[in-house]
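Here you get one chain, nothing else, as structure tokens; it is the form predicted on its own.
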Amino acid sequence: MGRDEMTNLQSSRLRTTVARVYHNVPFYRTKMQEIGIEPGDVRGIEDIEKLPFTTKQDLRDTYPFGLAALPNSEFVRIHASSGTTGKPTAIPHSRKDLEMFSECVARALCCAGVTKDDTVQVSYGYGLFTGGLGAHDGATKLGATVIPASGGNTRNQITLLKDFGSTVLACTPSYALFIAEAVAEAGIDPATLPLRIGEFGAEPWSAEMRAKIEEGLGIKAYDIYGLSEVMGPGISNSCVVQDGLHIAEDHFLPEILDTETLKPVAAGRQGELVFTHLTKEAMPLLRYRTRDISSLNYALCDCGRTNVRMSKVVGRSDDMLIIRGVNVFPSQIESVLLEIPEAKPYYMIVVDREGILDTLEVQVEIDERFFSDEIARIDVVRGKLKHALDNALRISVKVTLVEHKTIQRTEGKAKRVIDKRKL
């Protein structure tokens, strides 16, 4: 679809969405009245800036279904995001919403080269988290064979990969890394597995981690992006060119805004990713602030797809660490560590404060081949890592080397940061 045709489609759907939430959601009607706009003031996507933002806190404040545009009787499934930092956010779906969800995930899988002849092992968790059921329904929509493995029981995951002939693995990149490590420890040559594609998402991960996973499992690894509040996985996906993630922009209107001013940034510049629903029925959201840091590229991709690409998410604005006035993302640290052959892709970032000065410590596992009782040799490795991190981050970093398997593995989203400061 050409850009003009896409813009016309998005504008038509935006007008419909704005009218629906104004008339059916008191929260949005009040917000729009407070800033003096009515549905008729939004004629196309060029008027998107007139609309109010929606935040995760808004969903918590109206928990569970205060932002719904349909009665509860029209819900056919309810998902929820994690409540680890407060109340969970409840996300209802209508039947049409689930059809759209499965279509978007099917598109995403297709983008990575998955076909109906593939066997997809879904190792995301099933339940309120959207990953498991989202990937499951999308693979089913595509016509592929689905193995609903869910997360955990890594030994059994490997058995399924071998016995059922899985050609596609869908899980978090952290868990894929864990499976790759378990494959190596079991003495299995990844070349003997039929696995060929990895669809990994739900957390930021670096290009260096991608390379580690691809080597460890003998696959091509792709990014799948999503968040529960907007839909779940399948909002965007990288293609075989692997130069950004194509957004299903006929369903989700993207914006990139300056994190401080919340004004649009120039094309290609990084900022906060914001989405507006264009087709969601049960709970359409206006200008939902994802807190994810990305950029948009409207140039035609070499794969031939015309829909806009978002860059790989480098981190979240609310996960960004400010250390002595310097912005630091965990993904920056990961990129540096994985370029050092002695370092394993398992690390923990510890932030603390001594007096009025912030401190940053990076605890990193060292490959057991390089770990030695010789203090001099360990000091060389530590110095190498510290030099690389100091240069990349432009602040002084304390590096602590720890032995193999000291840092906890995870089957879901990895916890990489411990912030001990009382801010």
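All figures in this text were calculated on a predicted structure; none of them were measured in a lab. Sequential numbering from 1, following the sequence displayed.
From this point on, the text means the form predicted together with a small molecule, which you will not see here.
None of 183-191, 148-156, 126-134, 68-76 except one has non-hydrogen atoms within 4.5 angstroms of the small molecule in the predicted complex; the exception is 126-134. Relative to the small molecule in the predicted complex, residues Ala202, Asp223 and Glu229 are all within 4.5 Å by at least one heavy atom. When you look in the predicted complex, the only residue of Gln242, Thr290, Ser102, Thr279 with a non-hydrogen atom within 4.5 Å of the small molecule is Thr290.
Checked against the small molecule in the predicted complex, the candidates Arg316, Lys212, Arg107, Lys141 yield a single residue with a heavy atom inside 4.5 Å, and that residue is Arg316. Using a 4.5 angstroms threshold between heavy atoms, Arg15 stays clear of the small molecule in the predicted complex. In the predicted complex, no heavy atom of Arg20 sits within 4.5 Å of the small molecule.
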